[in-house]
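To begin, one chain is listed below as structure tokens, in the form predicted alone.
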Amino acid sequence: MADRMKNNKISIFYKLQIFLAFAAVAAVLLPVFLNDSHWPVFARDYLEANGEEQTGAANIVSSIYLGYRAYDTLGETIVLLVAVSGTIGIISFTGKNLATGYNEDDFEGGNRKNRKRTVLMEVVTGKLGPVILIFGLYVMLFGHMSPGGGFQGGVVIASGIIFISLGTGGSENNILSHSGVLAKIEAVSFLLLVLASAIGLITGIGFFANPFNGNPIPPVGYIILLNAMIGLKVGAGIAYMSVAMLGDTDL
């Protein structure tokens, strides 16, 4: 009887959560669909006409998120940092508190992280990993002139690191499987991003302002620099989280 009442309370709690989630979505989206006024076009037309000239980026998307609204991009990287840190904390906690009756020896060969891997998987992923890394660097560094950028390139880089980890089976010779290396890359990249955003304060042109405007270095150099920092941070963070889930690294 007590268990039934407990299950009913849990069911009601989950239903309440779902109801509140739908209510919140409706409160945000309904005004948008019910509003009969025209969409504002001034900002769109201004960015389309002046984005490349003012930032140097042919890709208008990059000129916006690393130029006009770079401050918001910093917030997005902070959200990713918190998400990765929280996920790693949960993985570390659950790894130290295994369920009662769990026995790693029940897995084939006593090694759970290699149980479902095959030679074919390791060969294919090991060969594709470096190729994906190179493509990720291209997407990251050329996001100012073609579709891509730091976030997209970082995800591709993370995929390459995961492929390499699968291909090497968590070998100690694979430096990218070491939690310390990926964590340091993410931390250093985020620190450099914060320092790059503060250069404008030091020079007196404003927070996250482009310090290359009016200098021999083209303004687009600042966007390439930010893309590189964001790409390394995103790639290292997602790869660290994913490799940890694979069980190929010690937290």
Partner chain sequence: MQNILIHSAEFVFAPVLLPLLGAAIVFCAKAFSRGRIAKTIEYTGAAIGLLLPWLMLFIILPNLLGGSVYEGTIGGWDKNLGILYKFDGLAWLVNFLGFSVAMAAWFYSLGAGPRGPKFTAIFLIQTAALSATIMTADLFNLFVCLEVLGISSYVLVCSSEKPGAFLASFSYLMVSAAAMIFFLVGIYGLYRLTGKLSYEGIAEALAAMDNGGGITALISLALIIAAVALRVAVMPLYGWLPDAHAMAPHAVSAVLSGVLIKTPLFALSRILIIFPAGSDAGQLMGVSGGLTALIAVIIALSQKDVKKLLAYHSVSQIGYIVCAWGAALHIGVETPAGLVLMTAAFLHALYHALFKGTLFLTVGTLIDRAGNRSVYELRRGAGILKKSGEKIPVTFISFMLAAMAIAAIPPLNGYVSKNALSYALKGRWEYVVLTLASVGTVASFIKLSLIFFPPGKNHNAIAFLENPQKVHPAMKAAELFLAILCLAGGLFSPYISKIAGSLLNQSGTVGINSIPPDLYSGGNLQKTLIITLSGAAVYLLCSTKQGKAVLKRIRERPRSFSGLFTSFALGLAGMAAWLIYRTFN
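Only a predicted model underlies this, so the values are computations on that prediction, with no experimental measurement involved. C-alpha atoms forming the largest set that superposes within 1.5 Å between two forms make up the rigid core. Positions refer to the first chain, counted from 1.
Just so it is clear, the following notes concern the form predicted in complex with its partner chain, a form of the same protein that is not shown.
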property: Contacting member of V82, L120, V131, I175, with respect to its partner chain in the predicted bound form [4.5 Å, heavy atom]; result: V82
property: 4.5 Å heavy atom contact, Q17 and its partner chain in the predicted bound form; result: yes
property: Its partner chain contact in the predicted bound form: Q54, any heavy atom under 4.5 Å; result: yes
property: Partner contact for A183 in the predicted bound form: its partner chain, 4.5 angstroms, heavy atom; result: yes
property: is_contact(V194, its partner chain) in the predicted bound form, heavy atom dist at most 4.5 Å; result: yes
property: Sequence-ordered list of residues in 55-74 near its partner chain in the predicted bound form, where near means a heavy atom within 4.5 Å; result: T55, G67, Y68, R69, Y71, D72, L74
property: L191: Cα shift of 2 Å or greater between the shown form and the other one (core-aligned); result: no
